[in-house]
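One chain is shown next in structure tokens, namely the form predicted alone.
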Amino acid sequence: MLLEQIAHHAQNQAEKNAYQSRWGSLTYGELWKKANSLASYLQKENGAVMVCGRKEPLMPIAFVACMLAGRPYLPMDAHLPQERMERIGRIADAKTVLLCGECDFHTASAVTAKQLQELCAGDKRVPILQNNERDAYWLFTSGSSGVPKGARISMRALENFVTWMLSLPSVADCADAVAVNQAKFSFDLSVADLWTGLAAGGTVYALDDEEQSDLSVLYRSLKSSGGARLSCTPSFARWCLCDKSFGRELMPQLKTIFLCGEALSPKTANQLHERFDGLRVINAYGPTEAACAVCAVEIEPDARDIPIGTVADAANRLLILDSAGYPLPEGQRGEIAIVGASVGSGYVGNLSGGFGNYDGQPLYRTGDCGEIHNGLLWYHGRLDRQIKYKGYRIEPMEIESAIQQWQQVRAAAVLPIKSAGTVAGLAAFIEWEKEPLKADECQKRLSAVLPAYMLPKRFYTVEKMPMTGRGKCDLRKLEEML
């Protein structure tokens, strides 16, 4: 379905822009022709394809080509540490690496951007595969075992998500217009604008890191985008709202803002309504393991409480489970579980996790605490230590594991720094074996193996880690030190 829709647009509106970033633009005709040519090359191998870049037009070409070739694409941010990319590549057993531009990842076997352009220049066609159970993409997130964990998302799951997105009136109303993409392609929120936009025949306007790091540059890009829909995290929305020029004059065509990835505060939602008259503010919920989002709700002006979705029109069946895995009645808190077509195929390497079956349907237990009340889904935090920061999922144990590799360290614990109910950063508590390292040296060491969003802002030295009566680290006592 998804590839057929893109092929339809390539035939019927070949000259319309499908994709645009500061690195260049791409029409539907160009996207389809180049992806087909590249797919004929990718069919020579099997397995996942690592696609590294900074949102160059070669990236969506590579994604479509991978789908045509029947190989899952594995998007990688160009500035991830070399060691982390190598580690993910080994876990994924990725035999093919495509570099879409300048990239910090160096490997002799990689296809360079110049070579990639040559592979896209042919005039070959490949048939569209009808097997929608094949994997469409793999996304790696922070893992609780101390190593990155890859979620496998099938074509079935992706297409179910896109169909659901286009069924939302707030999205359908502007689906064939310009959708502004904020999230990196290695972050699941990007699925909401990239594939929904391409399926509907719209234009995806992608913002890269450089554009998002300076408000004046960002505002210029937003103004020139002509965006009718913006998909972003609440953190990004708060960043945009820092200056009063972020409003209707800046983006006169903006109809819908689709927020996902972390908790949305009433203050942020209400500020968006104040700045943009007539704006539809959508709060969505879903994990990487279930193709980005599974439910959403429109937030009205002057909201006091923010639900995370409407149950009746969700993309999948939503359940609240008790600790034994049995459904709870409405109004009781428990673990949010997702049952249906959007649930992914498991983790790369068959790692354990929340995947299972329920009434013959794929199930994913999210680890999020919630309840269903009056037909709405409400979020009440995590049941484990997982942290959401700027929309990214962070497992503290992965950072702790990296710190504990140092010879000077006896023990480490990582906690969120909270401000006004939101996560403002990370703090690392370290029990040293030898002389403590300075904070900048700690940052330097961690930046070699972890992405920037996982780096602690503060480092605390403790003489001895506090322990609970069961002999575990007492995290509550460490929280009191923040």
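Model, not experiment: these values are computed from the prediction. In case it trips you up, residue 1 is the first one in the sequence shown, and so on.
Heads up, the form predicted together with a small molecule isn't pictured, but that's what we're talking about next.
Checking C260, A228, A92, I299 against the small molecule in the model of the complex, a heavy atom within 4.5 Å turns up for just one residue: C260.
This chain appears without its partner; in the model of the complex, the one residue of A337, I399, A284, M85 with a heavy atom within 4.5 Å of the small molecule is A284. Although the partner is absent from this view, K388 contacts the small molecule in the model of the complex, with a non-hydrogen atom inside 4.5 angstroms. The small molecule is not drawn, but in the model of the complex it has a heavy atom within 4.5 Å of R393. Residue contact with the small molecule in the model of the complex: R382 places a heavy atom within 4.5 Å of it. Taking the partner from elsewhere, T288 is found to have a heavy atom lying within 4.5 Å of the small molecule in the model of the complex. Shown alone, this chain has one stretch from 351 to 359, 68 to 76, 100 to 108, 184 to 192 that lies within 4.5 Å of the small molecule in the model of the complex by heavy atoms: 184 to 192.
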